[in-house]
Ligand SMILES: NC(=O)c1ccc[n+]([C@@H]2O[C@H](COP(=O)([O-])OP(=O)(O)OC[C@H]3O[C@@H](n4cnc5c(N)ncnc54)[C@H](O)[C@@H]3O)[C@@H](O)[C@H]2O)c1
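Given next, in structure tokens, is a single chain: the form predicted alone.
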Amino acid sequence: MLQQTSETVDRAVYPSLRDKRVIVTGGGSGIGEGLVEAFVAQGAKVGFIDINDGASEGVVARLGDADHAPIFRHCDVTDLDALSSTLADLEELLGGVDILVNNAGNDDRHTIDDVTPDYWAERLNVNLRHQFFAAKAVVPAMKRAGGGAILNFGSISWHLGLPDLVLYQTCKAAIEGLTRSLARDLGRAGIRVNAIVPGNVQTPRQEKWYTPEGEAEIVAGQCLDGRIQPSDVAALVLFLASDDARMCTGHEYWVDAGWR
């Protein structure tokens, strides 16, 4: 099966991203790791949070020779006090915040019968609540800087109505409403807010859910051959974070190879 990686294409360079101060949630693996790598390659100053210390420290070590080595802080996004203090710490270390990428989430499968009130609350906390509070935390710094960009991660899943993801899909649908609301309320402060809607991205986590036959079905449902890579998602994120997208806000932007 065709795989397109960051080594197979020439990537755009955005001068406006150099030295920008970027925070990525869930940056230790998968799509998040690809985002950290992409912003670092642009010369941005990147701080990221994750709960996986080993993987995250590996990202820092791998990118340590960059002009601005990324900064990692352990943080569970469901703990709002920890989230607030960790974001404040990164803001101080970076000298401000220009770009927030709300990437963290968890797509564990679950049936309707699995859902209890406690599980409902936990799933909303890990997939939805923190996106609002992370955005709220960085808005003052963005206003002081004269503007910024917030990118919230949604999902193709709820548009397709995939099985065994009822709470995840509920959260991801709400994120698109959150994005439009924040874009309206923050636009006059020069803060742009958009949502990224990935298709099925080939990461180690996603591969645990799909057999080779299942992956082949995904590709057959796409308009394009090949599997979407984290670098493909990062390419869209870089554009929307850059000044080239200065008039883009309040919308969802898809990178799904036409799978819908």
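Quick note: we count residues from 1 along the sequence shown, nothing fancier. What you are looking at is a predicted structure, and each value in this text was computed from that prediction instead of being measured.
Heads up, the form predicted in complex with this ligand isn't pictured, but that's what we're talking about next.
Exactly one of the stretches 62-70, 187-195, 36-44, 23-31 approaches this ligand in the predicted bound form with heavy atoms within 4.5 Å, and it is 23-31. With the partner removed from view, the residue among Asp89, Glu176, Asp76, Asp164 that has a non-hydrogen atom within 4.5 Å of this ligand in the predicted bound form turns out to be Asp76. In the predicted bound form, this ligand stays beyond 4.5 Å of every heavy atom belonging to Ala135.
This ligand is not shown here, and in the predicted bound form it never comes within 4.5 Å of any heavy atom of Gln222.
The closest non-hydrogen atom of Gly148 lies beyond 4.5 Å of this ligand in the predicted bound form.
In the predicted bound form, this ligand sits within 4.5 Å of a heavy atom of Val126. Residues Asn103, Ala104, Gly105, Val126 of 103-126 are found to place at least one heavy atom within 4.5 Å of this ligand in the predicted bound form.
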